[in-house]
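Next up: just one chain, as structure tokens, the form predicted on its own.
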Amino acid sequence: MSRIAYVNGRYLPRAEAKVAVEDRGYQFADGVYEVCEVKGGRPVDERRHMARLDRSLKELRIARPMSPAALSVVLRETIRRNRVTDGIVYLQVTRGVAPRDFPFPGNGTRPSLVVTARNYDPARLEQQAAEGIAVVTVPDIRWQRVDIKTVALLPNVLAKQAARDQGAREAWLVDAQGRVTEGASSNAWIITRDGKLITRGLGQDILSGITRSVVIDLVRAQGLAFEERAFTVEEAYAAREAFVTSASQIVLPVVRIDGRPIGNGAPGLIASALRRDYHRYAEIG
């Protein structure tokens, strides 16, 4: 089946879906995006994702492309047309098309909207979770407003490639003080030897992950010890467990950091339990 993309009011076969050469997303990375998990054909945590999208748009002074209700219809129709059961739906909003110039274009410039959706292989993801993943640490060279979910992801691309070059799945970004900020496409967590879950607190130096927020709800509901603070790479090496969270990976145990085994080198009991229980606390549909 040919995959379908929504582009500025039209549902098109992906081979025919195009944006203008002077779209500011292409020229300047002047745009934002969201990725929602799809489970059973329904978007997961759509309300939280749309709230974060609104915040990103406001921070960059980009107009909404359509009302929240209309955008919800587009998301669901794109999921339906692509027959996605378990996968992701991706949406991107840019400032629109205008002659290439750095200042914002005139007020009449309409934002561009692209939505795509695809299935993933749940069995493959569960196998990854059962085995755990390796991460490597790299310097965090991103700009100072990574709390805005922009499409300007070149530092993340370089970090991901560095991870792949070393046989790892994810890169953890490290600030000038030697503390982990987050993953290249995920939030980073450790569990200390005394069983406390730790992830960096919100600020302009990390993205407010939707999956991160659901996991915090889950952790608090289950009465687990939890602290939002920065942790060092050395603390991560010494952790009992580690894991990452994101919409496409949910909770994914980390078993090696920079080639060093974490805990006993296998997925930990707490991370595995959080993955198992995650959708009891997420909003589906």
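Counting begins at 1, following the sequence as shown. Quantities reported herein were computed from a predicted structural model and do not represent experimental measurements.
The following text describes the form predicted together with a small molecule, which does not appear among the structures shown.
This chain appears without its partner; in the predicted bound form, the one residue of Val233, Val35, Ala230, Leu60 with a heavy atom within 4.5 Å of the small molecule is Val35. In terms of contact with the small molecule in the predicted bound form, the residue from Thr137, Thr116, Ser185, Ser112 that brings a heavy atom within 4.5 Å is Ser185. Mapping the unseen interface onto this chain, Arg142 counts among the residues with a heavy atom inside 4.5 Å of the small molecule in the predicted bound form. In the predicted bound form, the small molecule sits within 4.5 Å of a heavy atom of Asn156. Gln222 falls outside the set of residues with a heavy atom inside 4.5 Å of the small molecule in the predicted bound form. Under a 4.5 angstroms non-hydrogen atom cutoff, the small molecule in the predicted bound form lacks Gln27 among its neighbouring residues.
Stretch 148-156 is the answer when you ask which of 148-156, 192-200, 121-129, 67-75 has residues with heavy atoms within 4.5 Å of the small molecule in the predicted bound form.
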